[in-house]
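Here we start with a single chain on its own, the form predicted on its own, put down as structure tokens.
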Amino acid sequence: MKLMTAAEAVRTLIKDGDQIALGGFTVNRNPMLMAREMIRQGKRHLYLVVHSHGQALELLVGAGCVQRVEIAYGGVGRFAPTGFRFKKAFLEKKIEVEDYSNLQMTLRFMAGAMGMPFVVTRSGLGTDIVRLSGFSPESRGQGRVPRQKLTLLKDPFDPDGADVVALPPLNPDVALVHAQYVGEAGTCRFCGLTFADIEQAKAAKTVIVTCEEIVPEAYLRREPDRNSLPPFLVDAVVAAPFGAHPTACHQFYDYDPKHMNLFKQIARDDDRFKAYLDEWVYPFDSQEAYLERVGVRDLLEIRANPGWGYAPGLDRR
């Protein structure tokens, strides 16, 4: 296992212009430590490929790190049904966005992991996802951009020759995922819903895992069926307690409604968002310094009950 700090991992494994898969889902298990570190190091022209994403997407887009996004959904749950910075950047034409369905994005990562030239589905038939494309014609076939968003084929096994949707695979340069546990050799365990994280990691050329705890491999071997990724797929591990904050990490902590509401209040305004970055992103050279700023009281309020996996009684208003 290659243990790194977040700064080392970003500096050595992520380049400007890389295609990056972000793990997690809306307000769950976003790789927030890595997102903040990419902003601090001034990464630019990133090409994000995500399933349904929230807070990390918001920060990276808002900070001007992102050029292009392929996505099924971009929002922060009830705090922002559509992400404020994501929506603003799209409307101001600061980013290009290509939209797919949730199933389509997961299938594309799966196809990339399996080495398939394309994958077919009926998902999206009869919708604008099939009819419209968000990327400019000039960008088609440039770099990592698919020559076509998708194409319709006749199902060779259907006697009536019904249409199916053929999708290009995804093989990101880097996958960033946050796990609850990583063994000392690099075995990863996600607890609760895995979303598309496993497919993203298997499809990516480089995998960086942040984790709540590094534990003995013998501990993970007691229940091997619960393990998610083998060590040989993992290129770097970053120890990161509360590494998904302010999003949730099942069994460890809930999402932080105070912080989410704070972000909701400032996210629409450019100057207030810049002030947020100056307060919550740029000053910290370590995760410990960030958590000190969050404060013990707020961290204890979101601590998960291990029996439920979340924080029962948390005031989510």
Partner chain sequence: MGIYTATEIMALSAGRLVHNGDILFAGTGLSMLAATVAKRIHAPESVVFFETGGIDPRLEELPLTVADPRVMVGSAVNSGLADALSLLGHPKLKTIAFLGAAQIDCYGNLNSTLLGTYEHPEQRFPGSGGACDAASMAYGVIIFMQHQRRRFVEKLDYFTSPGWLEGGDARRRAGFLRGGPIAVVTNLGVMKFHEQTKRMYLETYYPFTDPEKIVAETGFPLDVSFATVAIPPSDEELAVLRQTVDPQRLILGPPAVDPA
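Rigid core: the largest C-alpha set superposing within 1.5 Å between the two forms. Predicted model, so just to flag it, every value in this text is computed and none were measured. Residue numbers count along the first chain shown, from 1.
Form predicted in complex with its partner chain: not shown, discussed below.
Engineer: Have a look at 239, 125, 166, 215 for me and say which one sits with a heavy atom within 4.5 Å of its partner chain in the model of the complex.
Structural biologist: None of the others qualify; the residue that does is 125.
Engineer: When you measure heavy atoms, are 87, 99 and 311 every one within 4.5 angstroms of its partner chain in the model of the complex?
Structural biologist: All of them do, each having a heavy atom within 4.5 Å of the partner.
Engineer: Given the stretches 285-293, 272-280, 246-254, 39-47, which is the single one in contact with its partner chain in the model of the complex, using a heavy atom cutoff of 4.5 Å?
Structural biologist: Of the options given, it is 246-254.
Engineer: Even though the partner isn't displayed, in the model of the complex is residue 94 close enough to its partner chain, meaning a heavy atom within 4.5 Å?
Structural biologist: Residue 94 lies outside the contact set for its partner chain.
Engineer: Decide whether residue 162 counts as a contact residue for its partner chain in the model of the complex under a heavy atom distance cut-off of 4.5 Å.
Structural biologist: Answer yes; at least one heavy atom of residue 162 falls within 4.5 Å of its partner chain in the model of the complex.
Engineer: Considering non-hydrogen atoms and a 4.5 Å limit, does its partner chain approach residue 2 in the model of the complex?
Structural biologist: Residue 2 lies outside the contact set for its partner chain.
Engineer: At 4.5 Å between heavy atoms, is residue 231 in contact with its partner chain in the model of the complex?
Structural biologist: Close contact is absent here: in the model of the complex, residue 231 is far from its partner chain, nothing within 4.5 Å, heavy atoms only.
Engineer: Going by its partner chain in the model of the complex, which residues of 191-223 come within 4.5 Å of it through any heavy atom?
Structural biologist: 192, 193, 194, 195, 196, 199, in sequence order.
Engineer: Taking the rigid core as the superposition reference, indicate whether the CA of residue 160 shifts 2 angstroms or more between the shown form and the other one.
Structural biologist: Residue 160: C-alpha displaced by 2 Å or more between the shown form and the other one.
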